[in-house]
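Quick heads-up: it's one chain on its own, the form predicted on its own, in structure tokens.
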């Protein structure tokens, strides 16, 4: 069942609509059933979640008899951004993930944000799927505010991601969808994976399996699932090391994403294509997993090259 959860009139007789696809068990009353909500498309240049929505709907419809709860799927929270491949909301110069919880009596986008929150509140779990930007590739991970870690980490561990990154409370943006929902007692997991403007099918399938596993744990799904990966959980700020370019040039990686590195290992080189010179070598300053790596090769001084998650090799 496809339902419009919010709509506003636009110029030239157009209507902006935000829709969800609700999947429910056949022949069962909805009262008392557990509900999971899958949200994506808040940023129009983050497309990884589009394939997750497709694959999840396909899998559920193929085994409808295994569905024992409610699954709400919201593939395009920012349809104008997706249509124009724009991160924010076109013509408004506005990041949609900075206006929640919105305002019923506010402007057009504040009203839409308010309607979205109202529709999501009460879910037993919400999964907010994001991708990186066009410059970086991220390993499938879940990012959690430390204020809600006791409740969210056990859920995240069942979602088949490689890494759970717990952030300090002082880094939390209160105007995000996840913070607004968690503050309203709706557990919300923020997934980051892949790269902007692309779909990484293997990551999408990995997360789809994780969502089905989480649904099974919640009593929403009775179909077979695979055992989830055991993620690394990082709760200390010093666990993550940032790698930045020392100068402008073209970055050529030497290692694979999520590779386990030792101190001094070569990560990549910054080269000058005009002079044919190596300008700098990026080496691992610690032992760690490379969970973020530069995708777009052109860099300036200070550009983020990657992130390492500290590990103990002993």
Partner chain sequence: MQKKIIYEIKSLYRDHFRVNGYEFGDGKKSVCIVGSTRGNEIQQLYICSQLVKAFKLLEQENRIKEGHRILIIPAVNPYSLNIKKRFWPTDNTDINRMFPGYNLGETTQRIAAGVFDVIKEYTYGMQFTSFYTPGKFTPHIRMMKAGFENTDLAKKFGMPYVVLRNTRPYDTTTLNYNWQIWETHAFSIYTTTTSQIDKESAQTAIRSILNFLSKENIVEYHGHEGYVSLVVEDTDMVPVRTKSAGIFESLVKAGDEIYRGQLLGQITDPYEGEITEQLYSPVDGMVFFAHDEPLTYADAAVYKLVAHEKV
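Keep in mind the model is a prediction, meaning the values are calculated, not measured. Residue numbers count along the first chain shown, from 1.
Below: the form predicted together with the partner chain, not depicted.
Enquirer: So the partner chain isn't shown here. In the model of the complex, which residue out of 219, 168, 106, 154 has a non-hydrogen atom within 4.5 Å of it?
Expert: Contact residue from the list: 106.
Enquirer: Does the trio 23, 68 and 70 actually contact the partner chain in the model of the complex, every residue with a heavy atom within 4.5 Å?
Expert: Not one of the three qualifies.
Enquirer: Quick check on residue 174: any heavy atom within 4.5 Å of the partner chain in the model of the complex?
Expert: Yes, residue 174 is a contact residue.
Enquirer: Would you please decide whether residue 91 lies within 4.5 angstroms of the partner chain in the model of the complex, comparing each non-hydrogen atom pair?
Expert: Answer yes; at least one heavy atom of residue 91 falls within 4.5 Å of the partner chain in the model of the complex.
Enquirer: So, residue 292 and the partner chain: in the model of the complex, are they within 4.5 Å at any heavy atom pair?
Expert: Close contact is absent here: in the model of the complex, residue 292 is far from the partner chain, nothing within 4.5 Å, heavy atoms only.
Enquirer: Would residue 31 show up as a contact with the partner chain in the model of the complex if we use heavy atoms at 4.5 Å?
Expert: No, residue 31 sits far enough from the partner chain in the model of the complex that none of its heavy atoms falls within 4.5 Å.
Enquirer: Just one of 255-263, 31-39, 241-249, 55-63 has residues with a heavy atom within 4.5 Å of the partner chain in the model of the complex, so point it out.
Expert: Stretch with heavy atoms near the partner: 241-249.
Enquirer: Residue by residue through 9-25, which ones have a non-hydrogen atom no more than 4.5 angstroms from the partner chain in the model of the complex?
Expert: Contacts from 9-25: 9, 10, 11, 12, 13.
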